[in-house]
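Read the single chain below, which is given as C-alpha cells and is the form predicted alone.
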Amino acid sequence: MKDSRRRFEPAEYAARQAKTRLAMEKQGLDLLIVSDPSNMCWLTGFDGWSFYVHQCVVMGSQGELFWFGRGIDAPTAYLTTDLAQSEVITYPDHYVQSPEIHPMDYLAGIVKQRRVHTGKIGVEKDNYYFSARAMESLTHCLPDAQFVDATGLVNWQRAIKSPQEIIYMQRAGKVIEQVYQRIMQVAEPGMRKNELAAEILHAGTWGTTDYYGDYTAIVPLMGMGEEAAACHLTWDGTRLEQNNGMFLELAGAHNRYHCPVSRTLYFGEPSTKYRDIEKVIAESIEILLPLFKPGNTCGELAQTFFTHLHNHGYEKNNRCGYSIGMSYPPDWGERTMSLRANDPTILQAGMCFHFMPGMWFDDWGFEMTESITVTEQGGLCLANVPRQLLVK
C-alpha cells in the first residue's frame, strides 16, 4: 500500500534534500521551515489535502529533517514519504483553528527540545500557506533565533526537472489531450457552461487508460464573448452561444505534475479578428520553440515575442509565461521564472514553462498556449493538442 504512493526513489529525495541544504548554506541558514505543500512534497513526498491547516517540513543544515502537522494527517506522511516514524511529529487537535493557541507555538517547543532554536531560521514569508499569526508565534516563542525570508529557496531548487519528473509532466500532457478531445465531442451552443465544466473535470480526472488524472491546482477557467476579456473567470450557468468565442485555460495533471494548455473555442464561422490573432500567436509559438534551449534567457524569449506582437499591431503588458512543474492549489506556477523582458534567468535543460501568449482585449480574448520543456535542441511541447482556433 505504501509503495503505491511513493512517486520517486529514495535516492531522488535524498539528492533534493542535499541540493536544498547547499542553498541553505549559501544563505547562512541553520534551519528551514517549509510551508508550501509543493515544496514539502518535492522534498519528502508528503501529499495530502491538509494544507488548510498549519503543517511544514523542517530541515536543518546538519541533517535535521521532520514533517510537522495535525495528528490525523500523520498516516498521510507514513503512506507518502520515506520518513521514519520519529520524523513525523504531530500537534494535538485543539491547536487547530484556535484563537488562543497556535500550531507554531507547539512547533517552537519541538525546535527547543531538539536544540535547534538558535541561529538563523528561514521561513517562506510570502507564501499562500504561511500566515502573519504563524510568524508572530515563531518570533515570540523563539526569541533567540534570527528569522529571515527564505521564500523561493526550495522553489528554485525545483527549476530543473529530473527525467522522472518530465515523464510525469508528459503523462499530464496525455491527460489534457483527452480533455480537449472530450470538449470537441460534447461542446455545443445551448450547453450550460457548468455542464461543459463537468465534462472537463470528468475527463481530466479519468485521464487515459494508462495514466490517471490528478486534480489540478486551478479549476477550469473559461469566458465567452466579452467575458473572455477577464482572464480568470470560472463558469456559471449561462449557455454557450452560437457565433461567439470562448477561452479555455485548462491543465492535465498526474502525480501532482501539471501540463497547462489553453485554447480558444468558436461556435460558427470565426470573425476576422479571431483568425488574425490566431495566425500571429501560432507564428509566435513556432518562432519561440527553437529558442527554448540552454543559454538563452527568459527575457530574450519574452522580448522576441513582444517584438513579434508589436510588428503585427498588437501589444501585451503582462508576462507571457512562467515556470511549471509540481503544484497544489491555488496556482500551477512555480513562482520563480517568468517570461518577461526584465527576467535575466538563463535557461537550462530540464526547465519547464507554460508559454502563455494570452491576449485580452476590451471586450474579447484569445488564448493558445503550450507547456514546453527546455532541451539542447530547443523547446519540446509536453502535449499534442491541435494548435489552432477550435471551431465547431
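For every residue, the number given is its place in the sequence shown, counted from 1. This is a predicted model, so every value here is computed, not measured.
Separately, the form predicted together with a further copy of the same chain exists; it is not shown, and the next lines address it.
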**Non-hydrogen atom contact Gln181 with a further copy of the same chain in the predicted complex at 4.5 angstroms** = no
**Message:** My question is simply whether Phe130 lines the interface with a further copy of the same chain in the predicted complex - judged by any non-hydrogen atom within 4.5 Å.
**Reply:** yes
**Prompt:** Would Gly213 count as touching a further copy of the same chain in the predicted complex under a 4.5 Å heavy atom rule?
**Reply:** yes
**Prompt:** So in the predicted complex, does any heavy atom of Arg5 sit within 4.5 Å of a further copy of the same chain?
**Reply:** yes
**Asked** in the predicted complex, does each residue in the set Trp42, Gln62 and Ile372 place a non-hydrogen atom within 4.5 angstroms of a further copy of the same chain?
**Response** no
**Asked** Quick one: which of 295-303, 263-271, 110-118, 191-199 gets within 4.5 Å of a further copy of the same chain in the predicted complex, going by heavy atoms?
**Response** 191-199
**Asked** Which of these residues, Gln146, Gln97, Gln164, Gln185, gets a heavy atom within 4.5 Å of a further copy of the same chain in the predicted complex?
**Response** Gln97
**Fill in**
a further copy of the same chain in the predicted complex has a heavy atom of only one listed residue within 4.5 Å, and of Asp105, Glu278, Glu177, Asp73 that residue is Asp73
**Asked** Using a 4.5 Å cut-off on heavy atoms, which residues of 25-63 contact a further copy of the same chain in the predicted complex?
**Response** Asp47, Gly48, Trp49, Ser50, Phe51, Tyr52, His54
